[in-house]
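So this first bit is one chain, no partners, the form predicted alone, shown in structure tokens.
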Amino acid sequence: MIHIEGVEFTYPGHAFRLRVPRMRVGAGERVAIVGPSGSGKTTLLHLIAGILVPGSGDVSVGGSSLPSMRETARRAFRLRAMGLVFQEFELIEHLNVLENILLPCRISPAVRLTPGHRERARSLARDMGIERELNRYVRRLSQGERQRVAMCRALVLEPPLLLCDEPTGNLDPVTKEHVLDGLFAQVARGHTTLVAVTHDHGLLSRFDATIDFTALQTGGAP
């Protein structure tokens, strides 16, 4: 599913440098990425998503090389093949919860919104414990509720790849377990590949594999 080879990336004008000699994630695998804050884990997710492009090397998802695509093609590929849950959430404040969950159905030219999508959105909200909030504007939600909206939105089109950056960072312990149960049930049902950055080592037993980001950059991880 994901093949990274010889990738190097720097931000213009900054000393930060990311280097990933090699990384492989198989289709349907659930992989956690751990490592120190500021080491570049979020940058790695952005490279896998095609939001950023490496200065050298290749990032391939499902056999498609992202650096070889134009920006518009990467965006279309991302909408079609990936669900993204990043720390900023990027919800639309003037829309309600249901409309935010259904947003990928409206912005992807390859998707026509159907009653089936609405039913899936409601089912996801139920699994994530926010079914009573569907008609509320997201600006009135707590951080934990907003995070769950973002997770539902990422899953609504049943993408083959789900990328998550600290997916439970704003959740209390009880809600965290409930949301994780829903997330992993959806991933298993859709045979979805999951790559998640986390600082919560208590979650690692739920994943098939854990990648130490520090070791990855020195060639010591797959």
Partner chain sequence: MRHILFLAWRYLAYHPVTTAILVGAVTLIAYLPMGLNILIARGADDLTSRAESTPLILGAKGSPLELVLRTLYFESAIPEGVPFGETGRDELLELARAVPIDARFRTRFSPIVGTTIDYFEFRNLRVASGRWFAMLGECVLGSEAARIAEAGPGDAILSASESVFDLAGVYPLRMRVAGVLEPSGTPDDRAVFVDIKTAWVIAGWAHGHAPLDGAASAETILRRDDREITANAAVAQYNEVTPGNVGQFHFHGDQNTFPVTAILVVPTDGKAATILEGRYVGADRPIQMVRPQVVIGELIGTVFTVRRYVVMALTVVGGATGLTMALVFALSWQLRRREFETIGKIGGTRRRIGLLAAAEILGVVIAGAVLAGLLVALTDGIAGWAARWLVRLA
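Residue numbers count along the first chain shown, from 1. These numbers come from a predicted model, not from an experiment. Rigid core: the largest C-alpha set superposing within 1.5 Å between the two forms.
Separately, the form predicted together with the partner chain exists; it is not shown, and the next lines address it.
- Interface membership of Leu84, defined by any non-hydrogen atom within 4.5 Å of the partner chain in the predicted complex, is confirmed.
- Among residues of the shown chain, His94 is one whose heavy atoms approach the partner chain to within 4.5 Å in the predicted complex.
- The partner chain in the predicted complex comes within 4.5 Å of no heavy atom belonging to Arg126.
- The closest non-hydrogen atom of Leu180 lies beyond 4.5 Å of the partner chain in the predicted complex.
- Shown here without the partner chain, the chain has Leu84, Phe86, Glu88, Glu90, Ile92, Glu93, His94, Leu95, Asn96, Glu99, Leu103, Pro104, Cys105, Arg106, Ile107, Ser108 in 81-108 lying with a heavy atom within 4.5 Å of that partner in the predicted complex.
- With the core held fixed, the Cα of Thr114 is displaced between this form and the one not shown by 2 Å or more.
- Once both forms are fitted on their rigid core, the CA atom of Leu141 lies 2 Å or more apart between this form and the one not shown.
- Once both forms are fitted on their rigid core, the CA atom of Phe77 lies less than 2 Å apart between this form and the one not shown.
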